[in-house]
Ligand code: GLC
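Given next, in structure tokens, is a single chain: the form predicted alone.
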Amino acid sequence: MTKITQKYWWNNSVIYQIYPLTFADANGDGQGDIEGIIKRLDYLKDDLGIDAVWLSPINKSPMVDNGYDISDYFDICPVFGTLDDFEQLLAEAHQRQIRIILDLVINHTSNQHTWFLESSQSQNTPKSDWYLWQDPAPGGGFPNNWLSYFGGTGWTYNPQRDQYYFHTFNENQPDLNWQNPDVRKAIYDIIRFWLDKGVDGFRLDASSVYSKDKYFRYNPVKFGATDQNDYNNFHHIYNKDLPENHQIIKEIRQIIDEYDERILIGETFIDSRLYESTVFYGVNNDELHLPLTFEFPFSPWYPGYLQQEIEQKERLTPPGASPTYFLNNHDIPRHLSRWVECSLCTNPIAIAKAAATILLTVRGTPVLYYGEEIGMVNHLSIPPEKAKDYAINESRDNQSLESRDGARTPMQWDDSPNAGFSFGKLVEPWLPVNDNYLEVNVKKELEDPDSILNFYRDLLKIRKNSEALCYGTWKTLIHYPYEHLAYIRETEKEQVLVIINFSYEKPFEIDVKVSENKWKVWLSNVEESGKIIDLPETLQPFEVSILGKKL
């Protein structure tokens, strides 16, 4: 049971991730933009109640990987607007006490970045060593067996240099050489540029793969593996999770700490081991403030597995640090599509409310993904000609990777054509709107007191006003949960009891024992809010109850 000893703004805040291409379109071209985000800030603050926005990349880009391939770090992609538009967004957001966090993509650049264009010209340019270049293997062929996460070899041949360059992802995304001090200085100048603009922090993309083995040694093949083109068949000990990576994160954190109340979030790689993920806090809490790890969202919808992930985070999060939880992001299928399918449950609204309760009542900083609060699900029938995930769709040997388009469809604002995405203009959006938008949209759910959106709103208010939910310890009341979760959040002044029944078939006898009864109902789908009750002996199907008391 870790207790927060120093309070930072993110301890009692909720972060909301926006995928700018599909959040809101103000200029009517079918693509989301900065002005559209500005127009929706009142929804985020007044209707929802979030505290910070994390924007997927808005830097200048050829958009091969939809912004995760940057060609100019100091400018805004014209798709989204201008630098002046971004400065207006900062001002408007800060006026509403909403912080802005930028996605920082610095493992790689676009192959259209001026750095790479110069580096690829010859082996004798000033930036010749800014990327990971290697000669062909003796007799020809790839320099080693490193693969791309998107499929196939991670090496692409450049005839001008008669060398290969390495890319962890798509061949249009060459990896930077972080062992070059000039590269580090250039990146750190970019970080200071945006901090000086007033951004409140960064989410580091792919933050566990910056450093690679300087000898370019071959990765060992896993025992019994036969397909050597399969990324998952290798132990990636030489191209990710290297010890030197921590020094890079530490140097970035030192820059962040030069500024007041700025945050550093990092995406630990999807298949990084749990220990490697959580160790990114740093030995002295001097690396990431919040590591984004994938074990919790990838857990099955089952109380035992979910509690196991929570307990592991509690054990491995160092004193003074805060865990981070999320259900969705731009790279994985939406949680209702994952969990409804695997649980064989026919009540997605119940799962949505139960999942939201866990996300917003466990100890840590929650990150919401746009549309999660209204119950958006994956779009499963996007025609091939309208697909936009080019980085995966066009990668080599990528049969094991699923297109991410289904989790990136337009935000569903109302029941007008295209779900109100383009502010009254009937234009075809960048990706098709999910067919369920007539029922699943912000306007309709704001009017329905029992909607997923209003449940999120109530949860967010309760969390904001509860010392225990923001800063308290977490303690399970069930050691081997089978049908329900039950846990306590507690400070010296307040105690909160959270009980969630996962059974959708029948009531379930509760086996939780607490020292006292007489709890006040803070939020429940079976009990009246504000009512004083004894701890129930039986939980109703899909019951979610948050009970509180002052100590």
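Since the structure is predicted, the reported quantities are computational estimates derived from the model, not experimental observations. Residue numbers here begin at 1 and follow the sequence given.
There is another form of the same protein, the form predicted in complex with alpha-D-glucopyranose (GLC); it is not shown, and what comes next is about it.
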item: The unique member of 331, 415, 251, 435 whose heavy atoms fall within 4.5 Å of alpha-D-glucopyranose (GLC) in the predicted bound form; value: 331
item: Contact residue in the predicted bound form, from 203, 313, 167, 463 (heavy atom within 4.5 Å of alpha-D-glucopyranose (GLC)); value: 203
item: Any non-hydrogen atom of residue 33 within 4.5 angstroms of alpha-D-glucopyranose (GLC) in the predicted bound form; value: no
item: is_contact(residue 404, alpha-D-glucopyranose (GLC)) in the predicted bound form, heavy atom dist at most 4.5 Å; value: yes
item: In the predicted bound form, residue 361 touching alpha-D-glucopyranose (GLC) (heavy atom, 4.5 Å); value: no
item: 4.5 angstroms heavy atom contact with alpha-D-glucopyranose (GLC) in the predicted bound form for residue 240; value: no
item: Contact segment among 101-109, 134-142, 182-190, 254-262, judged by heavy atoms lying within 4.5 Å of alpha-D-glucopyranose (GLC) in the predicted bound form; value: 101-109
item: Residues of stretch 144-179 in contact with alpha-D-glucopyranose (GLC) in the predicted bound form (4.5 Å, non-hydrogen atom); value: 150, 169, 173
